[in-house]
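Single chain ahead, written as structure tokens, the form predicted alone.
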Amino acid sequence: MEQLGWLAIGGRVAVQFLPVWAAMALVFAVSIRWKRRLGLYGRVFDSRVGTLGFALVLFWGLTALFADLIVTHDPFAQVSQMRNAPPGTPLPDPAGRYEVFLLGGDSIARDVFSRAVMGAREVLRIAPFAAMISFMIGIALGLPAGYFGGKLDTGLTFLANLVLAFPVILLFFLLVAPDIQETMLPVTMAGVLFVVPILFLTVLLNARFFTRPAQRNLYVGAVLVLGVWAWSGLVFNADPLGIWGMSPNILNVFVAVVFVNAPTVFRIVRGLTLDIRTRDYVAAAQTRGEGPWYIMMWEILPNARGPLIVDFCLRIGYTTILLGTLGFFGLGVSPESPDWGSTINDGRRLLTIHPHAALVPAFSLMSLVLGLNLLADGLREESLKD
């Protein structure tokens, strides 16, 4: 078999992504058909920038979901004679495997295409969830700080500023350094940080259904049971069913990302709360005799959703870049991990001779972050119309 040209490579790559194209077509068809009933999400499709950003983010999200169907080779397997093979190089002895390295081989003869596809799963299994927990922590602390003010606000703001005073990369180096990983600090921090989302959801539901004890007890009980189950599995790997779990390396990265992002979210939520708490509808809720937690969770927070949704998209992009930076420096992830930062670092050593090994994951990282930024711009544009 002869080496493939770029047109043939593009055609084969497009065929491998058929599950993604089909799922994207379905999502777009349903979303556009019912966009007037989907709130802010539906209005994204009225913005060309937002639509383009959503398409890029959806593409990589579905790629991570269908990665096992898309890859052509085992992303960890080394194939004889394929070291630094250029794109489109056929295998000398396919022996039942896919006969070509579509985007070439890396410095130790692994398939660049398969590693880039699987790298999307590595990145997207951390970034969105780390951003979500960061937001829950920031909201849980920012709402009372802005609403009550006083010494609580002063103390929490001081702690947030203390964390933000450290250079981000230096803080990451400290949190994921091998010596730190051998101590109890990462597990202790994870135990404290991961319990905040459980408390946040408990307070949220308790405030909403306080006057309906039956529903309140059901919802709060479900949150506590599931939350403690997930917490014990993620932090201590103590889930007997093996559903919740996280390797020590990933746990350290997760904790570092949450710890770095939460203070910034806190500052945003606090500032929004200071503004919204002076609005008439908040005064009306106070006049009705609503409790402070109900007012914070169900009067102030919903009216701050526009800026928070926009920042959430941007935060995932920042987190993706930070994860890539950690992988580039070989911190927090296993050396053979196909995450984009690690593969860029592996490929940069031969960048002038065999650039494909570094350019493919670099382009993947760039396109995902670009999509998140464009989506955030579209959401911001549409939210300003409210």
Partner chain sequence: MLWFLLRRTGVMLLTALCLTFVVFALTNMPAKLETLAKTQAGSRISDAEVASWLERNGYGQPMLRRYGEWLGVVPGWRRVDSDGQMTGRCYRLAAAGATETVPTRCGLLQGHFGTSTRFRAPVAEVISDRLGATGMLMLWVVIVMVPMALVVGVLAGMREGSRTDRSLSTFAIASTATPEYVSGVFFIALLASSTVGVSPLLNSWGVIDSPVLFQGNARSAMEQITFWNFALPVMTIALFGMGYIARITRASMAEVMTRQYIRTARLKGARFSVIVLRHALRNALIAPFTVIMLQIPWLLNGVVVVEVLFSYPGFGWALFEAAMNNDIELLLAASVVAVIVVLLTQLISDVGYAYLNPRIRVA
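The structure displayed is predicted, hence computed values, not measured ones. Positions refer to the first chain, counted from 1.
Beyond the structure shown, there is the form predicted in complex with its partner chain, which is absent from this document and is the topic of what follows.
With a 4.5 Å cutoff on heavy atoms, Pro338 does not count as touching its partner chain in the predicted complex; it lies far away. In the predicted complex, Thr325 approaches its partner chain with a heavy atom inside 4.5 Å. Shown alone here, Leu175 lies within 4.5 Å of its partner chain in the predicted complex, counting heavy atoms only.
Though the partner is left out of this view, Thr63 does not reach within 4.5 Å of its partner chain in the predicted complex, counting heavy atoms only. Distance criterion of 4.5 Å from any heavy atom to its partner chain in the predicted complex singles out Phe329 from the list Phe45, Phe329, Phe59, Phe28. Ala165 is the sole member of Val228, Ala284, Ala222, Ala165 with a non-hydrogen atom lying within 4.5 angstroms of its partner chain in the predicted complex. Segments offered: 180-188, 140-148, 299-307, 214-222. Contacting its partner chain in the predicted complex at heavy atom distances within 4.5 Å is 180-188. Contact residues in stretch 349-364 (any heavy atom within 4.5 Å of its partner chain, taken in the predicted complex) are Leu351, Thr352, Ile353, Pro355, Ala358, Leu359, Ala362, Phe363.
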